[in-house]
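The chain below stands alone and is given in structure tokens; this is the form predicted alone.
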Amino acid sequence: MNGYVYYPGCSLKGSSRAYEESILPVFKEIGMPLQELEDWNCCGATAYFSVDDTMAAAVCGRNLALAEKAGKDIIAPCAGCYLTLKKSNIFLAGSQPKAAKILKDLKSVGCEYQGKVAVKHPLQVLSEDVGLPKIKELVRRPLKGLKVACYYGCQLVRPYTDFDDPDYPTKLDRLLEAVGAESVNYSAKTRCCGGSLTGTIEEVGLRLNYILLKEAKRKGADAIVTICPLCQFNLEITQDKAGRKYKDDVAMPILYFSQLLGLAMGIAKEDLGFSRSIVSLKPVWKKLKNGGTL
């Protein structure tokens, strides 16, 4: 394959537009402008596999076929999209009769797929394909003085562990350290935020989010940095309610890693989606100003 196509998924076009607004200029800055996959469709999210695994794999298979037709691998920033596309890719490469039927059906509607596409998360591409030395060369405003808790969530390194440790991953930590931030020893970095539980079994979701926010506070982080739209959303919107329920101040900016990368590369903060944050970013700006970044 020759390069990558960008698969935004539904979240980056809706509730997580700040992610798209920061990931695209970052890749442009490193000399890898991302072209959006033409005519992409929803990946079905991870829950679809528990409802109808055949249809779920077929839905993702169409996106894989479109990428293969374009001659490019897929970059999927959303952890859920990344996991679902990757899972479908492995499923379609297997020998199950279901996989053969899906491939046959895709071919019948002009979406032949031969399994040549790789699915990658931008963190993997930046860490391995681009490399930290190149990232360091692009730093214009080191993030001095900023302490971050790197939060990976559930889906990036589990169940597939082909580019980081499943229990204590470090790729995101190393990437942010390369642009000048200090990564705290965040033991909750792969602990679940509750996902959709926040909207279904609120008490459970709230408790899971409180644990993550409290641990970041305890470790002295100025912000939690994540790679997942649902994690970012959950951790941001629950803070007021968690604070009231547990009688504790857990206010904490929740940022996408691409926002901080872009800032370090000299991209204007107005062009990185920071204005979409619900939680005040004053603590972040104060630390970066004191550190000489802003």
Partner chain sequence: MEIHKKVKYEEELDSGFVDEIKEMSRCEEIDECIQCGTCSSSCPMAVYMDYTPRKIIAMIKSGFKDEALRSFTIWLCPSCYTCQVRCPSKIKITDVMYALKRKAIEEKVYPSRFAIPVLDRQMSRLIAKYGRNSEMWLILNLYLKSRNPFGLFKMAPLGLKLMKTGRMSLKKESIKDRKQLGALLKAIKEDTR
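Here the structure is a predicted model, which means the values were calculated and not measured. Positions refer to the first chain, counted from 1.
Another form, the form predicted in complex with its partner chain, is not on view; read the next lines as being about it.
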| property | result |
| --- | --- |
| Interface membership of Lys171, its partner chain in the predicted bound form, 4.5 Å heavy atom rule | no |
| 4.5 angstroms heavy atom contact with its partner chain in the predicted bound form for Ile30 | no |
| Contact flag, Gly194 vs its partner chain in the predicted bound form, heavy atom cut 4.5 Å | yes |
| Its partner chain contact in the predicted bound form: Ala188, any heavy atom under 4.5 Å | no |
| Interface segment, criterion being heavy atoms within 4.5 Å of its partner chain in the predicted bound form, picked from 83 to 91, 217 to 225, 70 to 78, 131 to 139 | 83 to 91 |
| Three-residue site Tyr48, Leu106 and Cys154 fully in contact with its partner chain in the predicted bound form at 4.5 Å by heavy atom | yes |
| Within 4.5 Å of its partner chain in the predicted bound form: residues from 25 to 57 (heavy atom criterion) | Glu38, Asp39, Trp40, Asn41, Cys42, Gly44, Ala45, Thr46, Ala47, Tyr48, Phe49, Ser50, Val51, Asp52, Asp53, Thr54, Met55 |
